[in-house]
Each structure stands twice: as structure tokens, then as C-alpha cells.
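Presented as C-alpha cells, the chain that follows is alone, the form predicted on its own.
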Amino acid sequence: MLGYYFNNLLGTLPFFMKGLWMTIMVSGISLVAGSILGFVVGITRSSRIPVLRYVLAAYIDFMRGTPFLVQIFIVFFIFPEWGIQMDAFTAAVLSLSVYAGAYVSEIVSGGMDSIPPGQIEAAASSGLSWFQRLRYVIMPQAMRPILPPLVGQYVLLIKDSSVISVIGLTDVTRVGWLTVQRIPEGLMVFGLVGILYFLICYPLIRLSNWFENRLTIQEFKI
């Protein structure tokens, strides 16, 4: 019986590959957009404009304090009631990007806060503009502590993308749910789903470990 189910599962591999491609597309676009948003928000939070800082803090607290499932429901089901129409793919990318941006901004802010204030003050006293201080002094040093958790956040983003199946996108998870209705061997079907997610995430996990080890070695030498 297991052999029969296994042969049927092999026949569904093309559908799993299509689901895998959907997962990669949504995650990849959201990863780039979320990183850009997160860096912009993280850098802007260093602004001395109180109102702007409070608004950004409220955005971050809301995104981090509510389930991603609720957020994607708001974008896909509530936004149309306000006249904002979008398809499932756009809603998924938008939700994931804004969600990831909040976490990336915290990582960026933490990296910037690790820079000794004396270096920033010295750069300011030397006549460098705010943008020049950011480009030549702050970000080159901040990227060292930023990169390991940033790559780790990308792994979490890919795994969180499994939620997009609830709004009808045929990603890997949804293909698994549809397949298990035809092949009642849940461990086999969702074992394949887990393997496919692992294949996407594993290179990023190794990259994150490499960054962490490299950072540890450099700190040890110092």
C-alpha cells in the first residue's frame, strides 16, 4: 500500500515544483522589498524628529505584536472593503514585505546602536554630513553585526510564507494540502513539503552560520 501511495506521490512532483516556484517567487520578492523597507525604517528611526520616531515605533510594535495570519487577512479581505483591490499574489507579497520590514528594521537599528557614539561624534566634528557619516562610518561597521541575524530573518520569512496558502495561492503548503486529500498518507506528503522548504532554507542557514563564525573570528583577533 505504501508503495502505491509513493508512486502516486511521485506523479504529483510537477505540481510540487510549481508550488515550490510560487514559494520562491513570493519569498524572493518579499525578501528584497522587506529588506529595503527595513533598512529605510531602521535608518530613519535614528532621526531626531519625535513624531516620525513614534509613528515608526507604532508600525514596528503592531507588526511584531500581531500574528502574520491576521495581517494577511486584513490585507486580502479588509482592504477591498476600503476600496483597495488586489489579487492574492500582490496581497501575499505586500503582507510579507511589510511584516519582514518591521523585523529587519529592528536588526538594522540594533546594528547601528552598536557603533560607539564617539566615532559618530568624531565624524561629525570632522565636517562629514549625515549621509556621509552613514555611508563611510556607521553602515560599514554596523553591517558586521547586522548580517547574521538578517540572514536568519530571511529563513523565518520563507517559513512564514507558508501562511499564504490560506488566501488561495498554490504554494508548496497548499499543494501538500491538496495532495493529501488524494493520497491519505500525511507523513509522506508533508514530509515532502518539509524537505522542499528545507532545500530552500538550508543554504541561508549555512550562510548565516558562516557570517556568525566569521564575525566571532574577527572579534577574537581584535
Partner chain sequence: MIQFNQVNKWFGKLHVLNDINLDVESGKVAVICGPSGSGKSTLIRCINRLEPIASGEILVDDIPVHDRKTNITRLRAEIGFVFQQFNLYPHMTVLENVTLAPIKVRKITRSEAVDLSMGILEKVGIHDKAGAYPAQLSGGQQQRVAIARGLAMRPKIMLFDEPTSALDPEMINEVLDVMRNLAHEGMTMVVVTHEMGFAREVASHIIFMDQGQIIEKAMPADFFTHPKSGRTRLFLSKILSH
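Quick caveat: nothing in here was measured; it's all calculated off a predicted structure. Numbering follows the first chain given and starts at 1.
Unshown form predicted together with the partner chain; subsequent notes refer to it.
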query: Listed range touching the partner chain, judged in the model of the complex by heavy atoms within 4.5 Å, from 126-134, 97-105, 70-78, 148-156; finding: 126-134
query: Partner contact for residue 109 in the model of the complex: the partner chain, 4.5 angstroms, heavy atom; finding: no
query: Contact label in the model of the complex: residue 121 to the partner chain, heavy atom within 4.5 Å; finding: yes
